[in-house]
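Given as structure tokens, the chain that follows is alone and in the form predicted on its own.
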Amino acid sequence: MNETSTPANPGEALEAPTLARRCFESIKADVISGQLAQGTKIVESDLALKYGISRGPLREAIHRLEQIKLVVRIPHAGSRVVRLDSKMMEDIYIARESLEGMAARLAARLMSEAEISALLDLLEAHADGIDKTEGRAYFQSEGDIDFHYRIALASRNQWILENLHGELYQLIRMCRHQSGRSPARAQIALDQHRQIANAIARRDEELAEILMRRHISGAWETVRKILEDQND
């Protein structure tokens, strides 16, 4: 007679994955926003207390953070929050300028009218968000409410999408959070997003690419200045 075992509590089997996922999202948000500082050593007992979670789900969350490059494991030294040094960030922005420029060109060619309308509506929602911070910040959540994600998705190019929004996506978001810290950058970034969206709406592929490239290079200049000020 075959017997199958079942958990004493049917919800028990689902509890750990759910806790791990919630912990993963919480730590990810804190790393990207800088609340969990770059280079911070991962001490399980401290994080378990901070996030109110047991060691098992916490370790699963940390493993997922390693997979998306937000936590790095250093031989004989344990795990730490990734540190974005100047060279790494410069490399990311150089790659972004090329890839996102091409994504904007393809979006101007391929986006449907409904997608363009939704993109313009998204920017109005972003404007409201900036107003709520009195122009001090422009931070976008990930996924469909991320302007850059929408453009990459609209390129219909899987290679571009995988490189911009695959495992490096969260590192890119960390970089973007750095530029978003500049008070003057919020309105500038929104205005540039609108210019890019309008070029896409006019199906001007060349202009859409040029504007996106300028937008990314301008963001890098802002980040570079922040890094220089920090090192002074």
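Throughout, we count residues from 1 along the sequence that is shown. C-alpha atoms forming the largest set that superposes within 1.5 Å between two forms make up the rigid core. Predicted model only: the values in this text are computed from it and were never measured.
Beyond what is shown, the protein has a form predicted together with the DNA; the following relates to that form.
- For a residue to qualify, one of its non-hydrogen atoms must sit within 4.5 Å of the DNA in the predicted bound form; all three of Ser54, Arg73 and Ala77 qualify.
- Proximity to the DNA in the predicted bound form, taken as heavy atoms within 4.5 Å, picks out 45-53 from the listed stretches 64-72, 45-53, 197-205, 184-192.
- Looking at Arg59, you'd find a heavy atom of it within 4.5 angstroms of the DNA in the predicted bound form.
- Contact check for Ala219: every heavy atom lies farther than 4.5 Å from the DNA in the predicted bound form.
- Among residues of the shown chain, Ala20 is one whose heavy atoms approach the DNA to within 4.5 Å in the predicted bound form.
- Fitting the two forms on the rigid core leaves the C-alpha of Thr40 displaced by at least 2 angstroms between this form and the one not shown.
- Taking the rigid core as fixed, one finds a CA shift for Arg194 smaller than 2 Å between this form and the one not shown.
- Once both forms are overlaid on the rigid core, the distance between the two CA positions of Ala77 between this form and the one not shown is 2 angstroms or more.
- Compared with the form shown here, the Cα atoms of Phe24 and Ala125 move at least 3 Å farther apart in the predicted bound form.
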